[in-house]
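Just the one chain here, the form predicted on its own, laid out as structure tokens.
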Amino acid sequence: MELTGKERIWNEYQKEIAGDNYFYARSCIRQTFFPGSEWAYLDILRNKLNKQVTEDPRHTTCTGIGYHTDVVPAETTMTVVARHFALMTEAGCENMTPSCVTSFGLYTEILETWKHHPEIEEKIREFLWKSTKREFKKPANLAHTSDIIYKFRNEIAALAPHRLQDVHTGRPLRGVDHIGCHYAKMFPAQGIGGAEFPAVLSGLIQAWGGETVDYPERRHCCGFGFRNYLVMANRGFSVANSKKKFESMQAYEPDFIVANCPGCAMFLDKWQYTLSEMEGVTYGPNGFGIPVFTYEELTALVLGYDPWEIGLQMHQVAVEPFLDKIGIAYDPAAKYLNSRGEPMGQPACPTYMKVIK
């Protein structure tokens, strides 16, 4: 049978995702913004799904933010990434799984460049050898960590004590999936569903009992854009992009937002606070805002992890209304305690957006 239309495009945008033995590359910003996300991911892969995941404490930033802001030269970035591949090779791995979508996009760009310009690859190999005495093999399989969760979404559903459903009414919760621009817009064939029909997050929502929200600005950038935020004079453009998305999705009354980019998750969470302080406006019901989760956090929640153990107290938008909807028990008194049970201090309350202390 000849496939046509969306079915043909969808078939073209399937990707091979390795089933085990991953070399994990941490994000330089995710563990700063949402410090429990990467821990949760590793614990889920290793202890829930029984997968082999290797990481190396010598791993560094990919320099992607510096590269995309024209601070770090391309050849320097390529050499740094070649060192990442060398660490993977030295660990006896061949399946590279970066946590950050910028790293994922950068690795993809570099591998594609070397494919068409082998002379550049040879130059970078020489640079790496002269600077570190290292050699590398290119990854046999490159997948973003959200791809890995997508691959095992049904296995996770079978293990999960919670569903993305309102335990009081049985209503499927409405989720907004936000795909990082560097995941599929740069190289559509490298993302599940490509840029047209990305399913890497909507697939999780549906597999776990929720309902995806389709709205006009669904594929609009969150506004991070590196220069949009790093240059202070440009930050109004950054927040304006997120505002456009919030206003577009508001009519559909989403219960939550899930993102696979560290920066997107941070901005969609914290710009809601910013907009409330700037304009006195809040999104979502009852003035609480729309809770935003990384895909690792959402996975951990359906699997029954303690919300404070995975760092949800670091979010600007209150998560408790969402936890109550899906029936997750939590200790309000433990929200701002560290791992030793000591008080960490509490943030000041926003002027307009409601929080639960």
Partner chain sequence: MPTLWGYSISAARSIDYDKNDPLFRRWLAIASPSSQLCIGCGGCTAACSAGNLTEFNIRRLQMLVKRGESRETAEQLHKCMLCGKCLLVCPRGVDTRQMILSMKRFLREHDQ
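Just so it is clear, the model here is predicted, and its values are computed rather than measured. Residue numbers count along the first chain shown, from 1.
What comes next is about the form predicted together with its partner chain, which is not displayed.
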property	result
Listed residue that, although its partner chain is not shown, lies within 4.5 Å of it in the predicted complex (heavy atoms), from T274, N141, T113, T89	T274
Position in contact with its partner chain when the complex is considered in the predicted complex, options A74, V167, L230, A240, heavy atoms within 4.5 Å	A240
In the predicted complex, E279 touching its partner chain (heavy atom, 4.5 Å)	yes
is_contact(G236, its partner chain) in the predicted complex, heavy atom dist at most 4.5 Å	yes
Partner-proximal stretch of 147-155, 258-266, 240-248, 104-112 relative to its partner chain in the predicted complex, 4.5 angstroms, heavy atom	240-248
